[in-house]
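First, one chain by itself: the form predicted on its own, in structure tokens.
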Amino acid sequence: MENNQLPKFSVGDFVASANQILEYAYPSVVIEGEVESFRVSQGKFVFFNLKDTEASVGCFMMVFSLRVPLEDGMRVVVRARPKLTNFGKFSLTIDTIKPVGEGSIKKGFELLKQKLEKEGLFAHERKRSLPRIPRTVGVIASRQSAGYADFMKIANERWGGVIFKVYHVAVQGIDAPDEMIGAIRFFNELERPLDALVIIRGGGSADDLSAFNDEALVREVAGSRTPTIVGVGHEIDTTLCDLVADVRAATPSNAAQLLVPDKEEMRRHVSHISRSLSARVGHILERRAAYVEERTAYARQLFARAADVRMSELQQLRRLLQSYDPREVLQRGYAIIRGKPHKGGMITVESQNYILTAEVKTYEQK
């Protein structure tokens, strides 16, 4: 083909045309490789190379999209959009990134753990208690997982009547963190708040559980307005979501045990409390009866003593009145003389045995 038959572009048009072809052929690609020459520019832009033994490609992303700490040498998987820059350099614009491989996952875990720990996200003081008997519970899980099945089976066996609202999500893979973030926000934005929020998945490799170490997801769990319980993996597994949750469960089954009480145990507890209360009430009534009887006896003693005192005073008054009785005076040999004694006057002499009226013959005043 002669040159005049070939398409002719300006530089800008060629770059734009190449990007259109790339966008059509590879709108999004997933690539795994090792991080090289990692740096952050102006606190906003992230640059690094993604390499393997055969090639290396430049990568770019915004710092707010970086949800795991990176260091050179870490192995990661990225989802990106290939692009030719205006400077003629081919690069990948990163949408999501996560470590892969046990070493890289562990390194990213430790770096992010240190960062969040300094912020106080793991502090015991900020954690809330779960309600003793929840009524409505949000469950974030994969409906197809064994962990979800175990959780629901044990929860329903232990306690009936709880309303479980389930939000189905992917619990591993590059899209899992964003799906779980969406579920948390959905439940937290309900008009009527839930009593508790449960995030569960069964066991798996470090790579399978790495979604639960995503910084954005961890912060969403920490900021949930609904108390959270996280049960991820086996008992020996620990994720950052476990550490920021209000309650950490060793497994999905353990999450069910921590969330709802056991009805048989509750019946025994209520029966024990009932017996204990009956015994205490009986003891209190016995003590009250004894107290009333004691106070009654004491009141009777006081009344009898007061009656004795009043009777003694009455007898003394009676004797005093008797001593002033004229008849008592007469019995002692005295007489009562009535009238004005003077010569020729009449007087009456009254004694115990007689009354005598006589004329005064003589009268002498001393």
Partner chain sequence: MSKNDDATIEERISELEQLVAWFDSDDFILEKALDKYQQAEKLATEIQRDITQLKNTIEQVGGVVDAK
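Positions refer to the first chain, counted from 1. Just so it is clear, the structure is predicted and the values come from calculations on it, not from any experiment. Between two forms, the rigid core is the largest collection of C-alphas that superpose within 1.5 Å.
Keep in mind that the form predicted together with its partner chain is not shown, yet the notes after this line are about it.
By the 4.5 Å heavy atom rule, the three marked residues 67, 79 and 219 all fail to count as contacting its partner chain in the model of the complex.
Mapping the unseen interface onto this chain, residue 186 counts among the residues with a heavy atom inside 4.5 Å of its partner chain in the model of the complex. Using a 4.5 angstroms limit between non-hydrogen atoms, residue 270 touches its partner chain in the model of the complex. Using a 4.5 angstroms limit between non-hydrogen atoms, residue 120 is distant from its partner chain in the model of the complex. Residue 85 falls outside the set of residues with a heavy atom inside 4.5 Å of its partner chain in the model of the complex.
Only one of the listed residues (106, 75, 113, 263) places a non-hydrogen atom within 4.5 angstroms of its partner chain in the model of the complex, and that residue is 263. Between its partner chain and the residues 225, 135, 295, 89, the one pair within 4.5 Å by heavy atoms in the model of the complex involves 135. The stretch in contact with its partner chain in the model of the complex, judged by heavy atoms within 4.5 Å, is 159-167, chosen from 159-167, 98-106, 229-237, 244-252. Contacts with its partner chain in the model of the complex, taken as any heavy atom within 4.5 Å, map within 266-290 to 266, 267, 269, 270, 271, 273, 274, 277, 278, 280, 281, 284, 285, 288. Annotation for residue 144: C-alpha shift under 2 angstroms between the shown form and the other one, rigid core superposed. Superposed on the core, the two forms differ at residue 275: its CA moves 2 Å or more between the shown form and the other one.
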